[in-house]
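Before any questions on how it binds or moves, here is one chain, the form predicted alone, in structure tokens.
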């Protein structure tokens, strides 16, 4: 698979097959993704990976967490800014409506939407995952570099025949993540990426978001 195909094929997969992704596969994936760029080569991140017995132990621990703390935590910073303006608000709305429409959950079915949201914490059935943290000292530039690393992980997964879903939902479970992985306080927990084999027959995987046409967001100097 070439780079162009990997970029076009990557999408947020929300239904996975119960097929195992091994630690060896994660190591192969991350061995390549570690070559992602960062300003000054600071590499300001720390990653935590799950597969096999580690994933099983995580899921068991999270069941106990849900029983003790079903509502989760306040995020340490907003996932989206307050008063999201146009065109961003509409893009987000259209994305959400298409997702729920694909699985027949209408807007008024609040319990159904909450159940689907809860699937995030099951990695949508994926058998592997990676969590990303960054040193709290870092600023906006280094956060951009973390995003480059996450994209590299997703594209490398595509090249290996795997699918991914980037999951900011885990920001509401930062206390649990810190406790489970023993994440030191100087690291800011961020998103996870579910990694597995896509269930291409699942209705939720039958659609994808659109992208703005080039001339809408690129200005070519004359």
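Since the model is a prediction, treat every value here as computed from it, not as a measurement. Numbering follows the first chain given and starts at 1.
The following text describes the form predicted together with a small molecule, which does not appear among the structures shown.
Among the residues 188, 36, 51, 167, the one placing a heavy atom within 4.5 Å of the small molecule in the model of the complex is 167. Only one of 95, 138, 84, 105 lies close to the small molecule in the model of the complex, with a heavy atom inside 4.5 Å, and it is 95. Although the partner is absent here, residue 200 lies well away from the small molecule in the model of the complex, with no heavy atom inside 4.5 Å. Contact annotation for residue 124: at least one heavy atom lies within 4.5 Å of the small molecule in the model of the complex. Residue 150 belongs to the set of residues with a heavy atom inside 4.5 Å of the small molecule in the model of the complex. Using a 4.5 angstroms threshold between heavy atoms, residue 22 stays clear of the small molecule in the model of the complex. Only one listed stretch (22-30, 167-175, 61-69, 36-44) carries heavy atoms within 4.5 Å of the small molecule in the model of the complex, and that stretch is 167-175.
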